[in-house]
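Here we start with a single chain on its own, the form predicted alone, put down as structure tokens.
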Amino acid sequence: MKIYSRLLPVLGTLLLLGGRLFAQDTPDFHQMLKRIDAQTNFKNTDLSARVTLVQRKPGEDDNVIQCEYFRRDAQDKFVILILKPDAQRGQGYLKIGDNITFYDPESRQFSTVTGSSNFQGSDAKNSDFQDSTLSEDYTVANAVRENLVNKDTWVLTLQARRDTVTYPKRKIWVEVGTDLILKSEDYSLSGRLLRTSLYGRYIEIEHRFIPQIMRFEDDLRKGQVTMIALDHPSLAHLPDSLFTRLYLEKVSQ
């Protein structure tokens, strides 16, 4: 009994120290979401790039789309202008705040689309082209440590804070040490897996990061995949007139 009574304080101290060490090793996951947003957004500058999208469907030829891509995160705006193929040349998207419009040069009409709509019928969503707002849109419901292709990651299960997000539930694989998303799984409200996304070849531009390669896999239609590549990224200032309906109308003439 004397031995046990002597061991109890020691065990209590070890448990307390172990708890403190675990708490120190476990990050603040909401702050992690904030860091993901901060280092992948361009609030102090504009961003432009050439985008090539390749959609692959079983039994069909690849559909290749080339676009000019412009972002102004400080004002929550983007413009996407389609260059190829010729049948879609001049079509464009304009996002201002929560509103996204699509311009068709053939009819010369604008129509409203949503962030959750598929971009040009691909597996990419319109919301994939906007700035990251994970810390505003989601709470972290669960977190586990896991290796992903020999990289140490935190796997975060996210639950939506509001019903305006594209996916009500997500899982993201965040690389330890960089806070860059390497993979995500997007789920329906019922928990059905809808899409798997892979992000690679992050490039750093003035202490901000952007994935140069993105792969979106449709988990409801096996074998249907969309690849997106970003080339020639630039942080040069863009004219205010670019982020307008008038610009899309003029440039498509």
Partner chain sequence: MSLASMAFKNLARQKRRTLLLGGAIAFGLVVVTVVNGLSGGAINTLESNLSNLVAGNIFISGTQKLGTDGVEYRIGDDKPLLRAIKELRIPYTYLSRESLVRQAALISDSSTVYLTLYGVELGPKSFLRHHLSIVQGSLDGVAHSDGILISEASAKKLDVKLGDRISVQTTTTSGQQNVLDFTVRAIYRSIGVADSLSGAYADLARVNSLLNLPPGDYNELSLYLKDLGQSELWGQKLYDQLKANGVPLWPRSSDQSQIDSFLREGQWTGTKYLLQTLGDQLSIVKGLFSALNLVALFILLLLYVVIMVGITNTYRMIVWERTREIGTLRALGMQRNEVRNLFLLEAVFLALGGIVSGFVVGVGLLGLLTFPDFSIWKDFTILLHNNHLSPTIDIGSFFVDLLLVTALTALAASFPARKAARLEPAVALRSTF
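Because the structure is predicted, anything quoted here is derived from the model rather than measured. Positions refer to the first chain, counted from 1.
As for the form predicted together with its partner chain, it is not shown, yet the points below apply to it.
Q: So in the model of the complex, does any heavy atom of Lys125 sit within 4.5 Å of its partner chain?
A: Because a heavy atom of Lys125 falls inside 4.5 Å of its partner chain in the model of the complex, the answer is yes.
Q: For Val165, is any heavy atom within 4.5 Å of its partner chain in the model of the complex, or not?
A: Result yes; Val165 sits at the interface with its partner chain in the model of the complex.
Q: Taking heavy atoms and a 4.5 Å cut-off, does Ser188 contact its partner chain in the model of the complex?
A: The answer is yes: Ser188 has a heavy atom within 4.5 Å of its partner chain.
Q: Evaluate Ile213 for contact with its partner chain in the model of the complex, applying a 4.5 angstroms cut-off between non-hydrogen atoms, and reply yes or no.
A: Judged by the heavy-atom cut-off of 4.5 Å, Ile213 is well away from its partner chain in the model of the complex.
Q: Looking at 220-228, 43-51, 61-69, 28-36, which one sits within 4.5 Å of its partner chain in the model of the complex if you count heavy atoms only?
A: It is 220-228 that comes within 4.5 Å of the partner.
Q: Let me know the one among Thr178, Gln75, Ser116, Ser132 whose heavy atoms come within 4.5 Å of its partner chain in the model of the complex, would you?
A: Checking each option against its partner chain in the model of the complex, the one that comes within 4.5 Å is Ser116.
Q: Which residue among Ala160, Val155, Ile96, Leu148 has a heavy atom within 4.5 angstroms of its partner chain in the model of the complex?
A: Of the listed residues, the single hit is Ala160.
Q: Can you tell me which bits of 194-215 touch its partner chain in the model of the complex, meaning any heavy atom within 4.5 Å?
A: Residue within 4.5 Å: Leu194, and no other.
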